[in-house]
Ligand SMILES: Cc1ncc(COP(=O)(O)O)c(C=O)c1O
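To begin, one chain is listed below as C-alpha cells, in the form predicted alone.
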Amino acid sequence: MKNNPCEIVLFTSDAEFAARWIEELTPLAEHDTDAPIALAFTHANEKALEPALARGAVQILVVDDAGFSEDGLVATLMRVRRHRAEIDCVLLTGADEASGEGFECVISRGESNYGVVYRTLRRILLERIATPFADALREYVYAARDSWHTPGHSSGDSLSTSPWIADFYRFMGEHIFNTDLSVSVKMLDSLMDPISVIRQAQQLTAKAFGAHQSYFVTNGTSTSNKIVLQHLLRSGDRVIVDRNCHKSVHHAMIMSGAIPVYLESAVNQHYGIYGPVPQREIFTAIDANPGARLLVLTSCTYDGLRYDLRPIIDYAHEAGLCVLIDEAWYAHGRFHPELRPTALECGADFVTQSTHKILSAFSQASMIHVGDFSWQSARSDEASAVREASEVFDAAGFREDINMHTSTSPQYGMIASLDVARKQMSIEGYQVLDRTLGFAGEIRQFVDENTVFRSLNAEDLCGPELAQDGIRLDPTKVTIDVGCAGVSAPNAQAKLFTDFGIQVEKNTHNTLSFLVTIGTTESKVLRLKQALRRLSDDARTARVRAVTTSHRDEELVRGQDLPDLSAIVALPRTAYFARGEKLVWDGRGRTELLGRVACDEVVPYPPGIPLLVPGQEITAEILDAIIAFTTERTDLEMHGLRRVEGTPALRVLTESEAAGAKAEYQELFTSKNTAPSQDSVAAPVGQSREVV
C-alpha cells in the first residue's frame, strides 16, 4: 500500500491557509515510516473539486467551513456523497461548536498541533481499510497451532502426506486447508452469534454499503432471499412479487405459506429476455392489494436492467409495504456515480447482494443489507412515540432467521473474502469500476464498429412497454446480438469456448452475454475482440456463400417463446407439499396435463426464472415452452422435471387435491375481506404482454 498513496484533499477557498496546512502535514507523512499506508496532502477550491473527486486515489475530503452557510455546507456534503459515497468527509471548522452531522469527525481550524491532525486523519483511513476477520484468520494460521478439533483434514495434514490425494492438496494450496477451521476457534468469532471480529467486519460493511446493518451469508443470495422472506412473512401474508424473480424467492414463499400476487414482467420475445415489471402494473397491484405485506423486485436483472426505484419504493411505503430488492447482480453499484442510486439509497428496507458475482469474494459469498425503516416511523400515528430504527427492525428475531439457514460449520475463507471484498471497494472501488466501465464501453464500441453483430442497450432490451419507466442498463452486462448476422448464439458460445478459450456468462438463442468485472484485464479484452472479429468474419463468409449459391445453409436462428403467466389457483405451499401425481407429456399425457395444477417449480437455468410455479395451472403455451426448452436447449439445466420410466413428467395435484387446494386458496382471501376478482386471482396484475 505504500506504493499507492492515499490522497487527502483540503477543500477550501483560502489558498494561503491551504498552503500552510499542506506544508505542515506533508513532512509528518514523509517521516511516518511505521504507517502501513502513505498519505499525500493536496488542496482543491470550488473549481477543482470535481476533478479531485474523479481521482481514485482521493480517500478523505476535509471540508473547510469558512465562507459556508449551514445550508451551503450540507449541499456541499451531498454533492460529494453523490459522486463518491465511499470516501470519508471531515469537517474543518473555526466555530466553537459544530454538530458535524454527516461528517466522520470534526477538526478545529485553529489546531496548532499538526501531529494531532495527522494522526486523526490517519486513524480514520486505517479504520476504513481494516479487515478485522481476515486479519484474525491470518494471525491464527501463522501461529501454527495444533489442531485437535474439526475439520478432520486437520489443516490439510490428512492430504499432504497421502500418496493418493497429495496432488489435490498441492493443486488447491495449503491455505485453502489451514484456513478451513471450526467454531472451536473462539478468536475467530461465530457467524451464528458474532461479538468480535465478524461483528466488526459487518459494521464496516454496513458503513461502506450505506446500510443500517449488514450481515454475512456463506451459502449464496438464494439463502439471503429466503432469510429475509422468512423474517417478514407468515402463513397467509400477501406478497407482491415479480413472477420472474429468482427461484429462491418462490422457494421462500413455499416455506412461509405466503400468498403471492404475481406481477408479470415485460418480455422481449425477440431476444428471449425477461425485463422489469412496468411501473404502472406495480402501482396497480399495490392499490389492489391493501393487505399486502411485502414487495419484492429484482434490480438489476440478469441482463442488467435496473428499475427507477425511488418512486416505486416510496409508493410501496406509503401503502405500508416493506420492500426487498434482490441486488444479486448489483453489489458494485454503490461505488461509482454512473451506477447510482442503489436500492438502499432509494429507501429499500432489505437488499440482498451476491458479493461474489462482480466483486472479489468467493462463490456463495453474499450479504444482506438492512435499511433504516424511517418511513415506518413517519407513518406511525400521532399518539405513538416516534420509534427508532432498532425498535422497528427486530434484530434478535432476524438473527434467529439467519441461524436457521446458516451452517454451524461455515467456511472461514469465504467470510474472510467478504471482509476483503468490502475493503477493496471501500478503498479503490471507484478506481477499479472506472476501469471496468471503460472496458465495457470499449467492447461495445468494437462490436458496433468492427463486426456484423451489435451491442444492445436498454431500449433494445426493454422495448416500448417500458419506454417511460426510466429503466437503465448496468454497463457491466454486455449483451451482443449475433442473431442479426444469422449466427446461432449457442453455436457461437461453443465456438468461443473450444476455439478461443472464452467462457461467456449466458446466451439466448440469438444473444451472448458477457460479464465485465473488476477482474477484467486488457489482455482478456484484446482476446475477446479477436474472437468476436473471427466470428464476424465467418458470418460474413457464410452470407456471401448463401448469396452466391442462392440459398442459406446456416442454421435458422430462432428461440422458444416465453409463456404468459397463467392462473394461480392454489397456495404454493399447499401445492408443493401435496403428494400429487406424475404425468408424462407424450401422447395422451399431454392432453391430461392441460388445466392441471403444478406442484413444482419448473425452471430453466440459467437464469433461474420459473416457467411454472407451484399452484399454477398448466396451459398449452407453458407446456410447449417446457418441451421446447427441454428438447432444443440442451445447454441449459431444467430444474423441477420428474421422470416416469425415463420419460420427462410433471408432478401435478390429483383431482381431489386440486379441489381442496382451490377452496383453501379462495378462503384465504375471503377471510381477509379482500376476495379477489377472477382476474386478480387467475391473472395477476400485469399479465398481458406485448411482444417487443
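Heads up: residue numbers just count along the shown sequence, starting at 1. The structure displayed is predicted, hence computed values, not measured ones.
Keep in mind the form predicted together with this ligand is missing from the figure; the text below concerns it.
- At the 4.5 Å threshold, heavy atoms of T342 stay clear of this ligand in the model of the complex, well away from it.
- Contact between P311 and this ligand in the model of the complex is not found at the 4.5 Å heavy atom cutoff.
- When contacts are judged by a 4.5 Å heavy atom cut-off, D326 counts as touching this ligand in the model of the complex.
- Taking non-hydrogen atoms only, Q616 never approaches this ligand to within 4.5 angstroms in the model of the complex.
- Screening R84, R238, H356, R306 for any heavy atom within 4.5 Å of this ligand in the model of the complex leaves a single hit, H356.
- A single residue from the set S222, N510, T205, T479 has any heavy atom within 4.5 angstroms of this ligand in the model of the complex; that residue is S222.
- Note on the interface: of 328-336, 479-487, 170-178, 287-295, the segment with non-hydrogen atoms within 4.5 angstroms of this ligand in the model of the complex is 328-336.
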